[in-house]
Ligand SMILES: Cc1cc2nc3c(=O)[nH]c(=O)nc-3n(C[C@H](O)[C@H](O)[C@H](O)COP(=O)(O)OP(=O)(O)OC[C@H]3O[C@@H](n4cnc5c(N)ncnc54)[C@H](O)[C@@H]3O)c2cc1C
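Presented as structure tokens, the chain that follows is alone, the form predicted on its own.
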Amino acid sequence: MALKLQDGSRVGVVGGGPAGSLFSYFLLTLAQRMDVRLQVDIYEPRDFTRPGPGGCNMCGGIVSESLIQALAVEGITLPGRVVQRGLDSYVLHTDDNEVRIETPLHEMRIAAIHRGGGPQGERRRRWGGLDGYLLGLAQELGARVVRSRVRDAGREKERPTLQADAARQAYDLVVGATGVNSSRWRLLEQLGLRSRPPRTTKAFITEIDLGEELISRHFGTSIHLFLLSVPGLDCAAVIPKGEFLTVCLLGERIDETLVQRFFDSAAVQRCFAALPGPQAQACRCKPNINVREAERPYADRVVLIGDCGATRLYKDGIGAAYRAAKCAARTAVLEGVSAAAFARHYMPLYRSIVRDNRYGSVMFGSLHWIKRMGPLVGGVLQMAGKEQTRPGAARDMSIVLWDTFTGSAPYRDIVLRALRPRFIRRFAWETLTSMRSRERGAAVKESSDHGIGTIGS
């Protein structure tokens, strides 16, 4: 017998972040259009209106313009109180140099947000968080938020059950929208899910309290991105938000030694040199992030979305959550909640995220290799720098870098653009001329050090 949601069916959503809230929003919207009444419980113990760890969802907090536009089409317009700062440029730092990259196209902007109520110690509560806003939209449509952590899960007459505190509730569908915590994965296995869990790595995130005036003066509307020769560090970003800077480090071996090497690097010291005194970290965390998808994200009456399933590698996790939430909700309402329904109608979207991440691995692997090779880094900076300063110049490198760092385009498109013969020829030429400039500079310095080769000597 086909497994379908009907009038009065109950749906349990484990996790009230963007994936769980957007799923509930789309599910209830579609059900209302189909004249089907559903009861949706969202299990979320955190209060996203609180600053600090109690309301934090541990994220760099960047939303691309393409996602903002997609949400607007769905009737979801992010209010000004959620967007801490509109960003229109990157400053790319390497060990020796830097280049500013303006938005390649006028409409390609990005927004800086807090996921929860803001960092620990926030005083004036002028902003709202994205997660609380989306959760509120789901509640307006009738979803009930259960402010408890799911303690146990199982099956009862083929229906999945969830237990929070003393109560156990059976559901017609359970949606896993949690992070990648190992204890949460054991709960999903108890629901009958048979899959390899996601592979994870560590990130490092800290918030630095500088005040809005200092941030506006020294960082403005730019994200500062760092490609440094620090072993184990893939990339790092400094993101201005309201009164705080968010510093986010990504890599395979993030530990305290690596974090200190980053802050001690010449590039970071140059970036922070104009700021008065030492910068205090308001809060810090080392969350697990998904770098390899769960193998099979569904079973009868169970489906995974967001970080516990598949998300975009390093960037635009909220965009991936939006796509997965919408597809899973459409499948549940229109096609059913059986494993076969999810395999046929949800898995194509899931596989597209997975396939694109393979291209993402190529992109970040190439960046990791390039930043270890001084001449290639010089070619990147010189090519991007010329594109920014010459009116009418083709912005090949600028667009590749912008889309890689913002998540504004699929990784596949970025890789294919970087493999175009014109791009490769220009990159090779700029790398060669950068090498020659470095060699000439080194020769002049050596001559100067020996007191020869100067005019009038």
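Note that the structure is predicted; figures quoted are calculated from it, not measured. All residue numbers are counted from 1 along the displayed sequence.
Same protein, other form: the form predicted in complex with this ligand, not shown, and the subject of what follows.
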| property | result |
| --- | --- |
| One stretch from 427-435, 28-36, 408-416, 41-49 that, in the predicted complex, holds residues within 4.5 Å of this ligand by heavy atom | 41-49 |
| Proximity of residue 119 to this ligand in the predicted complex, heavy atoms at 4.5 Å | no |
| Contact label in the predicted complex: residue 129 to this ligand, heavy atom within 4.5 Å | no |
| Contact flag, residue 316 vs this ligand in the predicted complex, heavy atom cut 4.5 Å | yes |
| Contact label in the predicted complex: residue 183 to this ligand, heavy atom within 4.5 Å | yes |
| Option touching this ligand, based on a heavy atom within 4.5 Å in the predicted complex, out of 145, 238, 203, 210 | 203 |
| Answer option from 289, 233, 138, 267, heavy atom within 4.5 Å of this ligand in the predicted complex | 289 |
| Sequence-ordered list of residues in 297-325 near this ligand in the predicted complex, where near means a heavy atom within 4.5 Å | 305, 306, 307, 311, 316, 317, 318, 319, 321 |
